[in-house]
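Next up: a single chain in structure tokens, the form predicted on its own.
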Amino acid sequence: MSRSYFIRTYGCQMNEHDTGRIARLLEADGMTSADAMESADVIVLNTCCIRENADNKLYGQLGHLKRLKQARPDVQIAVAGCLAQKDREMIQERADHVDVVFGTHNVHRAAELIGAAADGPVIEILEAAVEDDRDSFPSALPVRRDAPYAAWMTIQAGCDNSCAFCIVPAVRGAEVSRPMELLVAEAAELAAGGVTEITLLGQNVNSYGRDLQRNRRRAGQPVPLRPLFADLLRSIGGVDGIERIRFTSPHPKDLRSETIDSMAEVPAVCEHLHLPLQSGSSRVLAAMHRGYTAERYLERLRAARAAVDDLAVSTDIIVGFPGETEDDFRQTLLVAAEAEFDSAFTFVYSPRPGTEAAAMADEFCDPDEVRERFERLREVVERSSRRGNQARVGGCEEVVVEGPSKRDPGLLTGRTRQNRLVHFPAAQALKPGTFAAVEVVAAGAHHLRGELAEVTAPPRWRTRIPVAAF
């Protein structure tokens, strides 16, 4: 009888992507997916360590699983991901019922390590991605995809930046880029299986290829001066069948004109830019080591909007970074208002042990003031988001159908090229991946409401979702 597995994912899209890899590896080892954690034979917690509550969620879940382990001793529990990479020993100290701990660079050995844990607990952590190890690089692994028409592609692992608030470089290592020819081949294989939308993933996607260029320079080979990310967008945009390309997340300091030109000139690249601001105060940005000023950020944003018609812009903003004053925060409000973001992920600063900012305890902001600032920022962002959505009312939007609305099964949900959600009545059964034209009749701060005008293209995926391996 085959064993079953259940994976709970915390954190970002790269974690979601890694979860797909782990799932496919476990299935290749003969396991099947369980409907619930409590009924699984193998439980994998794929962790994140970006914010403090990620720790709380993990250890709370591990507390629950200790009772499950006592009731069912044969259950195997594995902790993977960024928090495993950072806190390997602590996890074993606080939760000795965990069988396996493996990090972000050991995904390729997930099934192997779980098998080895039958003889006792296993902890295995690699400190960085290995550039020449094509079997272990995340995109080199087979993947189980939940959305048959869309796929993520990890183009780069690690990060060379030193943002004061971020733990990612410590847990994912230095930047390692996957060669472009392998990425283009992967995109072509995905398209052949019916994928029409690809999202390129990396800690800093627009610095993609800098390590490859360094290696070529050391080998005495010619190196183009332009950034390779711009070339990658053009190359994947030329793959037949790929209709939409997204990417996340770029860094404002590395947003070059060549990348903006590629966004404007390659039809498949969506008119959506996620450009993390983090703060509108140049003083705070310097303390964060972000490498740009507020004015420089706005210059890059203006250049992108001037080049790309109908560009939607989303962002990340941290409230309450150590030392942030009321004047600093007012500058953030001013920049957010001028930028007119279509959406924003706003976060209250939380210290991550091992980062520079975590040592600034004497400069931590008053929690009550931070909460009040957070609400003020939310109002500014929602005002611009609602205004941008209301401007779409009366127009017709091309959407890719994602499926029934989570809140109302009588509605279908689709997403525009600008990454706006559109809900519309399910007048006919439309499979995920269907392209449709929807007339917008109403708008809120976070979504549009519409009526189906016509189906413009059927989905291209086959009945069985393909599994890609490269």
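Residue numbers here begin at 1 and follow the sequence given. Given the structure is predicted, the values throughout are model-derived calculations rather than measurements.
One more form of this protein exists, namely the form predicted together with a small molecule; it is left out here, but the text below deals with it.
Taking I260, I242, A117, C166 one by one, only a single residue has any non-hydrogen atom within 4.5 Å of the small molecule in the predicted complex, and it is C166. Out of the listed residues L65, A34, L411, I50, I50 is the one that sits within 4.5 Å of the small molecule in the predicted complex by at least one heavy atom. Looking at R290, you'd find a heavy atom of it within 4.5 angstroms of the small molecule in the predicted complex. Remark: H272 does not count among the residues lining the small molecule in the predicted complex, judged by a heavy atom distance of 4.5 Å or less. The shortest heavy atom separation between V348 and the small molecule in the predicted complex is within 4.5 Å.
Contact annotation: I318 falls within 4.5 Å of the small molecule in the predicted complex, judged by heavy atom distances. Picking from 323-331, 92-100, 396-404, 348-356 the stretch near the small molecule in the predicted complex, with a 4.5 Å limit on heavy atoms, gives 348-356.
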